[in-house]
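Next up: just one chain, as structure tokens, the form predicted alone.
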């Protein structure tokens, strides 16, 4: 694809201009990135590469670098597995000598990295791993400038269910740290709201969901919350349509977001994807601030298309946060960078980042960005929640 060729050229140029990925120059300040470049969520790695290229344009270009040096990014592939994430993260610290690490997309990987951040007293800024436990561990060195399960459930899902008047909700959740965590929060919230619900668990990469769908259909829901990350949710949507559940009897809200934006989505689900709902942090008609608009324009100019996978902006935002903290710290000393991160008040593409400082639960070192609920309508993305930024009406059939 043309834009991938453009990206490849851009990254090669980045090697020359900015020392991207391992030039080893003393004239650069190294920042680590962790995320999946291989495995079922490799599309996230591609989105991260786009965001990194755009962030380097800003940080090393118009911002003039950091402390008189260029920022250099070293991207370590986690493959989406905790073991590979832990070893890769440790390599970034001990071998590549990065001063801050950002990224992540899998909660199980991020949870494997937290004790390593503590052991080496190394600042880690999570972009897209949602399990509350990541920041609930209250590590001095771990921050999250991205969604957490509690924020998504309380700020988005429960309000959507209430405002649109759904009466019976089925939950299908993968049996991972993220899936089980967000399932429990949704169950607690629905119980408090007095909404009738049922729950089934599944494997993340399962390609056969007919057993779960039989149980869900018997419950007769009007909404299904699908907490499945990866291609598994594509199979679930296609089979829900095949069995006559979706959209005829119930809508499906995919609770992870990016799998509904991956290039393989329409290949895997076909016309069954119409009217599917998903969570997102980005939409072409919703600019949260001037930085959001500037990002979208820069993305379109560089890659020749509108941005779709919001994780490109997620990594862009946390790289801006890291650069800002190092500048204000005036040093690459980890303790000084952590002190600066705690004082962050920076406008990025998703809003103004300001980390929670009160210890005791997941809110410590957490900043929750605003989220959108988007519906595919004839392959067009329509924002249907929150109500004050919606770009169209929710369709149920």
Partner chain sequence: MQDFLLYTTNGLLLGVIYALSALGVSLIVGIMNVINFSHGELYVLAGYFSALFARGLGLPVTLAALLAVIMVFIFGLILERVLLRNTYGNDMASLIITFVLSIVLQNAYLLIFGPYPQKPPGWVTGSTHLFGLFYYGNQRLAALGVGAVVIAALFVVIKKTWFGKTVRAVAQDREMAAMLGVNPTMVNMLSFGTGCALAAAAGVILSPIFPVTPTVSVGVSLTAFIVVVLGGMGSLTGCVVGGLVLGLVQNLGAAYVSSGYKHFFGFFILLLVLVVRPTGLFGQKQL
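Residue numbers count along the first chain shown, from 1. Only a predicted model underlies this, so the values are computations on that prediction, with no experimental measurement involved.
FYI, the form predicted in complex with the partner chain isn't displayed, but the following is about it.
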Segment assignment from 198-206, 116-124, 67-75, 95-103: heavy atom within 4.5 Å of the partner chain in the predicted complex: 198-206
One residue of 274, 308, 108, 268 in contact with the partner chain, assessed in the predicted complex (non-hydrogen atom, 4.5 angstroms): 268
Among the candidates 139, 87, 280, 243, the residue which, in the predicted complex, approaches the partner chain to within 4.5 Å (heavy atoms): 243
4.5 Å heavy atom contact, residue 264 to the partner chain in the predicted complex: yes
Partner contact for residue 231 in the predicted complex: the partner chain, 4.5 angstroms, heavy atom: yes
4.5 Å heavy atom contact, residue 58 and the partner chain in the predicted complex: no
Distance check, residue 301 to the partner chain in the predicted complex, heavy atom within 4.5 Å: no
Complete contact of 376, 378 and 391 with the partner chain in the predicted complex (any heavy atom, 4.5 Å): no
Interface residues of 204-231 toward the partner chain, as seen in the predicted complex [heavy atoms, 4.5 Å]: 206, 207, 208, 210, 211, 212, 214, 215, 231
